[in-house]
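What follows is one chain in structure tokens, specifically the form predicted alone.
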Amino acid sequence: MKLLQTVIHEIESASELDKIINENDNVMVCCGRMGPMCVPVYDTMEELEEERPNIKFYSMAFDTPEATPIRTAPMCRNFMGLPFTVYYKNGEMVEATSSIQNRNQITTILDKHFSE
């Protein structure tokens, strides 16, 4: 059951998250809510999904026990604001950000870790 009403594919379980990050080289997951800090990130991800076919873009509901692997990740330890946006390369978390991010901030991270 989708908790977030985004166009981006939504991860619904921790096991699905694990499967996705281990089966895809480049993954971006925005873990948040349907709120003013998260929706702009979802919108940017929707735009980038068409432009960057080498990256898999996903959303995940923050307020579910299934999001524990992201909420408790060492890179997210000191985060205070939503969303938690995490980037995985070859199954490993390589970057994480907290709070709203604009397109330029997101593409800078994507270019740094996922350039072809």
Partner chain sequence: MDEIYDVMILGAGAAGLTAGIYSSRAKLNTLILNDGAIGGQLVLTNEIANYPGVETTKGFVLANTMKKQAKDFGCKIKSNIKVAEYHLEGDVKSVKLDDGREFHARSVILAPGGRPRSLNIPGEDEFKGTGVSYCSTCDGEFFTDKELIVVGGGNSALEEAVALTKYATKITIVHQFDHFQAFEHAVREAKNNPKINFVMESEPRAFFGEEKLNRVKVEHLPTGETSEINVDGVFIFVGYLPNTESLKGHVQLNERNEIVVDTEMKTNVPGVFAAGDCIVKRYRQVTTAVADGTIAALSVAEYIRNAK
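Positions refer to the first chain, counted from 1. It should be emphasised that the depicted structure is a prediction, and the values quoted were computed from it without experimental measurement.
Just so it is clear, the following notes concern the form predicted together with its partner chain, a form of the same protein that is not shown.
Looking at its partner chain in the predicted complex, residues Cys30, Pro65 and Thr68 place no heavy atom within 4.5 Å of it.
Among heavy atoms of His9, none comes within 4.5 Å of its partner chain in the predicted complex. The closest heavy atom approach of Ala73 to its partner chain in the predicted complex falls outside 4.5 Å. Its partner chain is not shown here, but in the predicted complex it comes within 4.5 Å of a heavy atom of Gln5. Residue contact with its partner chain in the predicted complex: Ala96 places no heavy atom within 4.5 Å of it. With contact defined as any non-hydrogen atom lying within 4.5 angstroms of its partner chain in the predicted complex, the contacting residues in 11-37 are Arg33, Met34, Gly35, Pro36, Met37, given in sequence order.
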